[in-house]
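Listed next as structure tokens is one chain, alone, in the form predicted alone.
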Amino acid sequence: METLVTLSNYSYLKKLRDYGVSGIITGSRYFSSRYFYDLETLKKIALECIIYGLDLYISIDTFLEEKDRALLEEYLEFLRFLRPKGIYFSDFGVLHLLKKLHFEAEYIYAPDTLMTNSLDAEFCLRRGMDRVVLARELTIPEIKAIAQRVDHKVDLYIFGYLKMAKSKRHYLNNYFKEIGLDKEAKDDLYFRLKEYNREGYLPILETKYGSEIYSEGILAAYLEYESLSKIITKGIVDDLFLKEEVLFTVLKDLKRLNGDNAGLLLNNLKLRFSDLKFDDGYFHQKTAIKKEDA
């Protein structure tokens, strides 16, 4: 299993080459609900990936409307010159245009919560996709069953906050208007939500495309890493909302992590960053059971 890191912070790029990372996933203000880079910065990122020996993957994670078609074609033509290793996308319309333009790259379907069974994965692979990203809500037995059925052509998030909800609504800005607060929430990574029945806070990201709400806990697949590494093509570390020190501590751990030291490294992580909540997501408990316990 190779390790990819989402690049939400440009300043991290140069350091990543020293941490055993094979590549990055990033994007631009165009057709991304979480990356804010302009096109010039994206060019610089592509060049530095070549210099540092990192594979470049571009994320197009928004859902499209017919009016977006022309702009998306222009964007893909721009990306062609950056020569990314692959395109992560969540809308089949992107796949259609990639094929129409004969775009040379890996096609990876990343629909957040939708990729939950081997039949869907096989359907996508038969239609020209190179891999799929499995939903974060799957258990380890479910992940293994799907991966084995499709010859391990699957990617999986192994560290980071889990996306819980996504909407085209602008929750924060609507709330600010309601209470008469003159504030703009767009592209700000520092807002948190507090529910009356939860002790912790939920990170929320709001962009021009809508709002995304993430989990209080941070998925840390330390204990599962060794077994997952045998069946997953790419393990994705999501840097969104993470402090730099946390991200690079985790990447350092992953370089040396094995079945013998996983427990110790996880405990050290929890002790070092005791203000954060690390857990195993849904790897060992189905979502329905977790919701009942919540």
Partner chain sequence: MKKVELLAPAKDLGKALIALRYGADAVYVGGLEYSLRSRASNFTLEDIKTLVDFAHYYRKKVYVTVNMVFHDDDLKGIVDYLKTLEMMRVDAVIIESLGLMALIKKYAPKLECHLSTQLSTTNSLAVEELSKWGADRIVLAREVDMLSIEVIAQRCKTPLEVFIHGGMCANYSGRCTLSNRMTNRDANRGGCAHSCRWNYHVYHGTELLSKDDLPFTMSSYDLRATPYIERMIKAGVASLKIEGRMKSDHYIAQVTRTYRKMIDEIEMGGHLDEKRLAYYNSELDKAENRPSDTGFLGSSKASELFGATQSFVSHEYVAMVKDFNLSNGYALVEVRNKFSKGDTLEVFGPDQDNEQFIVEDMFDEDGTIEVANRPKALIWIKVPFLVKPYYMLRKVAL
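Positions refer to the first chain, counted from 1. Owing to the predicted nature of the structure, the values given are computational and were not obtained by experimental measurement.
The same protein has a further form, the form predicted together with its partner chain, not shown here; the description that follows concerns it.
Visitor: Candidate spot 14, 101 and 230, all three in 4.5 Å heavy atom range of its partner chain in the predicted complex?
Guide: The answer is no; none of 14, 101 and 230 reaches its partner chain.
Visitor: So if I measure heavy atom distances to its partner chain in the predicted complex, which of the stretches 80-88, 150-158, 196-204, 220-228 falls within 4.5 Å?
Guide: Contact criterion met by 196-204 only.
Visitor: Of the residues 63, 241, 52, 36, which one places a heavy atom within 4.5 Å of its partner chain in the predicted complex?
Guide: In short, 63.
Visitor: Within a 4.5 Å heavy atom cut-off, is residue 9 in contact with its partner chain in the predicted complex?
Guide: It does not: once its partner chain is placed as it appears in the predicted complex, residue 9 has no heavy atom within 4.5 Å of it.
Visitor: Test of understanding: in the predicted complex, would residue 75 fall inside 4.5 Å of its partner chain by heavy atoms?
Guide: Although its partner chain is absent here, residue 75 would stay clear of it in the predicted complex, with no heavy atoms inside 4.5 Å.
Visitor: With heavy atoms only and a cut-off of 4.5 Å, decide whether residue 142 touches its partner chain in the predicted complex.
Guide: Looking in the predicted complex, residue contacts with its partner chain include residue 142, since a heavy atom lies within 4.5 Å.
Visitor: Does any heavy atom of residue 285 come within 4.5 Å of a heavy atom of its partner chain in the predicted complex?
Guide: Looking in the predicted complex, residue contacts with its partner chain include residue 285, since a heavy atom lies within 4.5 Å.
Visitor: Need the contact residues for 124-139: heavy atom within 4.5 Å of its partner chain in the predicted complex, sequence order, or none if there are none.
Guide: 127, 129, 137, 138 sit within 4.5 Å of the partner.
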